[in-house]
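What follows is a single chain, given as structure tokens, in the form predicted on its own.
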């Protein structure tokens, strides 16, 4: 294998220049995306640079509490962002999302670190932080899609749901189809990715390891591991948040709460 090739800061200007094509396309078609592209690109660079500085310190110190705090911060941001991406949301959903995504991602990461990788120390940030980040990112998408589908199906079609309840259906019978659809929708990106992985697309983790000089066979095994971790995290997190939302919007005596009682926000 060839040695790792460093990417210098000046060379990144070449990569940044590729955005010109997007800006030209936006201007020609009057998409109104030029300013957003520039802001998003600048924000991305600043965030990654700051993250790189933090990770260098965390990696050098290999400090357990620092890894935990960073992981919790990542989880909180992921949980809040997941809810903010939905078209219907209510205040309690933020806490539910944060608790579920942090618990699920930490649990799956812990199982993988303790049962498969066994680094020394066990909280080695070289392994824990990247794995946790990938799980949180994918769980964020699953929760956002699933929760949005569930809330849209129940609250925007509340006449149908209340009709079932009025006819004697339990709250589970009235919302069961929406729960199933929420989980299905939340899993679609993960399943689609798994179907074409290795044929249409070369996965991110595998690509990164190969670029860093790892043998393709080793990179493949790591990628298979992370994909199974992602699938478990996304399904569990999406189901968990959906069921908590289900418990929030229905009362124990099988009534659907009003939008005012939930503090519903709409986009």
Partner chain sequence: MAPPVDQAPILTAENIGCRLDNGWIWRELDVNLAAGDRAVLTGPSGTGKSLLLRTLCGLDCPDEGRVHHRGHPVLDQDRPRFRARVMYVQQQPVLIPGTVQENLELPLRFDINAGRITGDGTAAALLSRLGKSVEFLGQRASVLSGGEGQIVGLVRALLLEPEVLLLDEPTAHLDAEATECVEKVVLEWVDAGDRAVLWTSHDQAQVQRVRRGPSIDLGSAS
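Please read all numbers here as calculations on a predicted model, not as lab measurements. Residue numbers count along the first chain shown, from 1.
Unshown form predicted in complex with the partner chain; subsequent notes refer to it.
- Among 84, 156, 118, 160, the residue placing a heavy atom within 4.5 Å of the partner chain in the predicted complex is 160.
- Contact annotation: of the candidates 166, 72, 107, 95, the single residue with a non-hydrogen atom within 4.5 angstroms of the partner chain in the predicted complex is 166.
- Stretch-level contact analysis of 143-151, 123-131, 169-177, 182-190 against the partner chain in the predicted complex, using heavy atoms and a 4.5 Å limit, identifies 169-177.
- Within 4.5 Å of some heavy atom of the partner chain in the predicted complex lies at least one heavy atom of residue 254.
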